[in-house]
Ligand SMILES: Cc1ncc(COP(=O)(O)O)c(C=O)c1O
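In structure tokens, the next block holds one chain alone, the form predicted on its own.
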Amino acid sequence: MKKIKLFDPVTDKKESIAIKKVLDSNYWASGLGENNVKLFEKKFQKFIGSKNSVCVNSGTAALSLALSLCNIRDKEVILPSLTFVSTAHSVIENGGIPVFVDVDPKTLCISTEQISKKISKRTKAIIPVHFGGMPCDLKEISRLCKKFNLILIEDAAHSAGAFFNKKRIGKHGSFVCFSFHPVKNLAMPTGGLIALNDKNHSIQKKKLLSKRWCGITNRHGSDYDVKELGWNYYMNEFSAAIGLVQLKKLDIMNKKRQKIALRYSNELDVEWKMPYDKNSAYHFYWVIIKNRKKLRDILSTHGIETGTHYKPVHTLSMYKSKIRLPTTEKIGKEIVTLPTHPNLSKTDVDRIIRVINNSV
């Protein structure tokens, strides 16, 4: 029986050729971000329509570096608890205070109603997470940011190629942070990018280029200076070379994901499931099931890999608090994430639907 993976990057000979070229060049990485890295930065920026962009080595690095420009020390940052822990870590790392809010039960994206209730005099920024590739309500979140003079930093780790209001995700917030991990819609061995849309984007890019390479500035030949703290966060040439190939087929791959999601939405006999939205990138598809373990065990025996994205951050030991987020906590115990990657065949999708419908 063929095993159906939860995530599976879509590759062909073009990625292999690109890797071989980098390997043979003996130019594999540089803090300067030249060659393939610079080209990917330029092409992805054009693809999403942002004002500027900076490549980094992960989505986590993107979030951390973006927040490093926002002066959040001892300030509050509003974010959903239903996210990968690096979203919260990036706030802590920059001296901020994470303020967790509940999610919308329909989309599992951050609840704009709950955001409104948590804004205080100490609030500095909002980090919405486009969960599973589903776009958040950026119109309302942008309105709140403008009203209360807050910074909008989007966690778009799941959302390469997604849309909101006919514009690509990446064109809205002051900072939009992407992840290009092997499981993501645009796959790389490791990679990330910060899209910049603020009026000061040119100055911000200059600072980020320094921060991603240990704070190095004013480099002339072998001479350079360091004026502030920075990190080893630059992207390597292998990742960028793969990314350039992946970018050319991202829209096609996302359309295949949407077709799979449409079938799940129409055919799964599950009451609480991810809605269909033609703007979503469908990094994965989720269902909410009371007896999650039973369903996952049954799917596993049929060779179908599933996931649980995510354990709510506010329930983890480091972030444990007395706050109650009823929807998030229920989802954390009952969510099952299903494969949507373009390598799935019609027979694979048939199997997933059949097994689930026979089990619930």
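Predicted model only: the values in this text are computed from it and were never measured. Numbering starts at 1 and runs along the sequence shown.
One more form of this protein, predicted in complex with the ligand, exists but is not displayed; see below.
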task = Determine whether any heavy atom of residue 83 comes within 4.5 Å of a heavy atom of the ligand in the model of the complex, and answer yes or no.
result = yes
Next item on the list: Answer for residue 123 alone: is it within 4.5 Å of the ligand in the model of the complex, judged on heavy atom distances?
Entry: no
Although the partner isn't part of this model, could you tell me whether residue 66 comes within 4.5 Å of the ligand in the model of the complex, counting any heavy atom of the residue? no
**Study point:** Residue contact check: residue 59 to the ligand in the model of the complex, 4.5 Å heavy atom
**Key:** yes
With a 4.5 Å heavy atom cut-off to the ligand in the model of the complex, the contacting stretch among 221 to 229, 151 to 159, 114 to 122, 271 to 279 is 151 to 159
Interface check vs the ligand in the model of the complex: of 184, 172, 212, 257, the one with a heavy atom inside 4.5 Å is 184
If we test each of 246, 239, 87, 204 for a heavy atom within 4.5 Å of the ligand in the model of the complex, the one that passes is 87
Taking the ligand in the model of the complex and a 4.5 Å non-hydrogen atom cutoff, the residues of 338 to 360 making contact are none
